[in-house]
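One chain comes next, on its own, written out as structure tokens in the form predicted alone.
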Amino acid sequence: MLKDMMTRFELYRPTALADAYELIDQFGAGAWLMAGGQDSLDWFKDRAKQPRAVIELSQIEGMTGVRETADGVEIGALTTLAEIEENALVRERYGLLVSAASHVASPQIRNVGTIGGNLCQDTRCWYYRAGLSCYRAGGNICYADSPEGMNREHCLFGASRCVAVSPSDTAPALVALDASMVVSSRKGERVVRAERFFVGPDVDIQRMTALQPGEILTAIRIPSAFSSANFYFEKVAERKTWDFALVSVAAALRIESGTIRDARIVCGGVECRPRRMRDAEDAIRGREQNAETAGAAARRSAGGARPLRYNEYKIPLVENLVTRAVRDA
């Protein structure tokens, strides 16, 4: 397989969504939508993806920046991760997202990478990325879940033929904040809750999001429900920077007089989509925020886990991260 050698494609840079829709209609399955390009260029250089046309979205007006709304904030999908880190409004009210964005890759990548691109990036399973014909690529085998497969980074939950995980650092934070995704197409606009925006292989094994052909993620809306709540984010990876999570946790807790009134705890790196830890949430609502409550959450966080040959270490890792999230939020 040739590396670092892109095949030829036509590059288009529309300045309006209507023009982007026309290009998508024109090239059909041969069209590739690109935001910051950090994920796309890897695919192209490895020749695992060979689009006829690349539609680069960065010039479209109205898809950048942070805007205050009547019920929270709206973030344009082309807003860079660095801009989110530095935005005063997001830092004041939604520090969980700031923490998650600051853990993506490296400062150089965050200066270019967009929030929309980070949410919509494809899985990093090396068998799939190498262009092998696995289930996710339209084949009839999961190499990672075979007797000889290397699956140290793969899922504990939600496997359905494919055992890959979502690589996004910001996705668990947005699910914890109960955000919604604004999805646009020639047919109009629809709003999808973050929890339903990410899909598992049991829903569609060849997609990781609810985006349909011809649709573009244009904005993310975060409601005020968890504005300025108690937050916690932690990411465990092989390296401190430029690496994807082995396991991560994002938590948003509403605490009044030391009692947890509401909680949303989400783990990344353990399922094909961000995993909402509902049993752990149920275990702590109405209880005091202390070590005992954190332990109760941890004991409920790994129920139903089905480790693969090389990733059983993720179970105590999940339990420890949930413990710290509840105790230290």
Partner chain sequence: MKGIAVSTTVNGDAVEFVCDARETLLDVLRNHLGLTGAKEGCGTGDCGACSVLLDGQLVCSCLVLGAEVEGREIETVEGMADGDRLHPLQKRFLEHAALQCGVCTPGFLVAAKALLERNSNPSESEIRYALAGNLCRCTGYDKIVHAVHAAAGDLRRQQKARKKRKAAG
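Quick caveat: nothing in here was measured; it's all calculated off a predicted structure. Residue numbers count along the first chain shown, from 1.
Beyond the structure shown, there is the form predicted in complex with its partner chain, which is absent from this document and is the topic of what follows.
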Worksheet entry | Among 280-288, 28-36, 261-269, 294-302, the region lying within 4.5 Å of its partner chain in the predicted bound form by heavy atom distance | 28-36
Item to complete: Indicate whether residue 112 is a 4.5 Å heavy atom neighbour of its partner chain in the predicted bound form.
Response: yes
Practice prompt. Answer yes if any heavy atom of residue 11 is within 4.5 Å of a heavy atom of its partner chain in the predicted bound form; otherwise answer no.
Written response: yes
Item to complete: Considering only heavy atoms, tell me if residue 138 and its partner chain come within 4.5 Å of each other in the predicted bound form.
Response: no
Discussion item. Given that its partner chain is not shown alongside this chain, does residue 102 nevertheless sit within 4.5 Å of it in the predicted bound form, heavy atom to heavy atom?
Written reply: yes
Worksheet item: its partner chain isn't shown here, but in the predicted bound form which of 85, 215, 153, 122 has a heavy atom within 4.5 Å of it?
Response: 85
Worksheet item: Does every residue of 48, 133 and 160 put a non-hydrogen atom within 4.5 angstroms of its partner chain in the predicted bound form?
Response: no
Item to complete: Quick one: name the residues from 225-260 with any non-hydrogen atom within 4.5 angstroms of its partner chain in the predicted bound form.
Response: 239, 241, 242
